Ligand code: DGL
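The data below hold one chain only, encoded as structure tokens and taken in the form predicted on its own.
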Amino acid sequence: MPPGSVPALDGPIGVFDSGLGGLTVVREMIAQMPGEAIIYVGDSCHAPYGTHGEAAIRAFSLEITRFLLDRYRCRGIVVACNTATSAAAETLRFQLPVPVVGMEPAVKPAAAVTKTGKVGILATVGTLSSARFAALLTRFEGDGTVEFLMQPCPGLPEAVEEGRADTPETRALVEKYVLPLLAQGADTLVLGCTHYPVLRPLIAAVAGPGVTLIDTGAAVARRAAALFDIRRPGTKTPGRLTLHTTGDRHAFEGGARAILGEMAENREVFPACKLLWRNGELTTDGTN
């Protein structure tokens, strides 16, 4: 990394995702680390990452983290995207001078709570087809008493990005993906994409009260707090949250408000900063 990428020991925490979904992780981080400064990049112009090849996702991830380190001297990075974690986490850990926390579908806790032995995993095509995910399943399949039912969910991240989290069309998609899993006996569903917790009320309504929904946002926030050496858990001063998007700024701001809710109050959150991709590099648009 360039000399300017040397992190500050008291620097903020950098978080990125392909769009709005990673804010579900930021929501958990704010709850657990209320005084920490967080810099967020939502690469909405490339959302969803699951439609891109691994080489492209690694390139996006490396450039976004370069931006976070060069501009803000972040002391740690959270990859708040399952697909980006699968494609780029190991490369980031090898190349970056700061700790990196990634995401993975909550296979282990799901296997622990299922009563039927059938766990449905809702995720992107990129996550489900990755070698990292295959290795994860191998670790927790154990003696074969738990069966994991994989369900790719194209269209759900787009619904979140476009503000269609509660429409008849999105409900139809959720039913298309969830009902076959229930028919196969799944009593536990893993929300294996950070966009999916935004759809949690809809997924819960379709699945019914007897089905457990699990995501990893809280666990990732706990890991970040431990790894980045958070020493101020009792602070009463809200930390600053700075948002960036490579997509439409106004649409991003509206989605961010909906996801963060009251957690955005008393923080200098809006307006979001607009970023542009130029020749594979991130720059500001000159108005921030």
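So that there is no doubt, residue numbering starts at 1 and follows the sequence shown. Keep in mind it's a predicted model, so treat the numbers as computed, not measured.
Keep in mind the form predicted together with the ligand is missing from the figure; the text below concerns it.
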item	value
Proximity to the ligand in the predicted complex (heavy atom, within 4.5 Å), stretch among 111-119, 190-198, 87-95, 173-181	190-198
The ligand contact at G247 in the predicted complex, heavy atom, 4.5 Å	no
Close approach of P48 to the ligand in the predicted complex, 4.5 Å, heavy atom	yes
The ligand in the predicted complex - contacting residues of 15-32, heavy atom within 4.5 Å	D17, S18
